[in-house]
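Encoded as structure tokens, the following chain is the form predicted on its own, with no partner shown.
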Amino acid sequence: MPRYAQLVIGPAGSGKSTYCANLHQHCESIGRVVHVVNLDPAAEHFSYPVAVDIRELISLEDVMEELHLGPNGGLIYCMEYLEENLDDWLSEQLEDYIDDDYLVFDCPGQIELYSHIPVLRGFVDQLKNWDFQVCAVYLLDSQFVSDMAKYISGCLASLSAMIQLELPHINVLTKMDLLEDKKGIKKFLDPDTRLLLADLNQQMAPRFSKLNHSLAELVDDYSMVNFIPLDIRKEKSIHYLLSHIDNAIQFGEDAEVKVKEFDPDFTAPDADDEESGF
């Protein structure tokens, strides 16, 4: 039987560690066990129990001090060092997690790790070799998607990660609880390409119209680029997102049995909650 994993990725400040902490708390409240793995060698404080910590293997602070590298170069070195030690260190750390165990990997925020550096792709391939069913959970700050141009930028970054990792992929708009115009964000969840193009042309100079048309077509061709909103204050929102992730990795029916057994009064989101996430 396979083991299951979420690879939590996204730009710095998108709320990855906060998501991991709230997911762990939510699963604990419904009697479901998840284990959170820290893959950020620069992390210092955690609001969740750390099952496995990359800093036991290598830390960014030590690399910067010993090799005289900057933060970005040091982080890439750390991740490449992790890749070299997957068969030794990481396999030993994960050997106690058996069939049906569910791991959540809290990843660093440097976007190049998901776009054009093959380190995480090698990591994902190794997880697959170890019989993990993996889903990429790409987080994007909802306040970043405040207009169509920023939305396109977020979509392209997500597409880059999707193509690089070749995994089942869930896009999430985080920090919905901090967003003032919650109704205005709905058009970005599953956008109409024609409206998208019209907004882009209205915001940008006429010389960019051909580029806007190409970008809109690209997003439309990859119709998988839609977003699920997440309000971490609401259990229904977390539960709704988790159900999508579980479906993507075909998490077994045992999880559903556990939820019903430990929390029989828990109800799924209604139609409005499902659409908006809040």
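Note that residue numbering follows the sequence shown and begins at 1. None of the values given here were measured: they were computed from a predicted structure.
Heads up, the form predicted in complex with a small molecule isn't pictured, but that's what we're talking about next.
* To do: With heavy atoms only and a cut-off of 4.5 Å, decide whether residue 178 touches the small molecule in the predicted complex.
  => Within the cut-off, so yes.
* Asked: Taking the shortest heavy atom distance, is residue 18 within 4.5 Å of the small molecule in the predicted complex?
  -> Residue 18: contacts the small molecule in the predicted complex.
* Asked: Quick one: is residue 34 in contact with the small molecule in the predicted complex, heavy atoms, 4.5 Å cut-off?
  -> Close contact is absent here: in the predicted complex, residue 34 is far from the small molecule, nothing within 4.5 Å, heavy atoms only.
* Contact of residue 232 with the small molecule in the predicted complex (heavy atom, 4.5 Å) -> Yes, residue 232 sits close enough to the small molecule in the predicted complex that at least one of its heavy atoms falls within 4.5 Å.
* Just one of 196 to 204, 183 to 191, 97 to 105, 169 to 177 has heavy atoms within 4.5 Å of the small molecule in the predicted complex; which? -> That would be 169 to 177.
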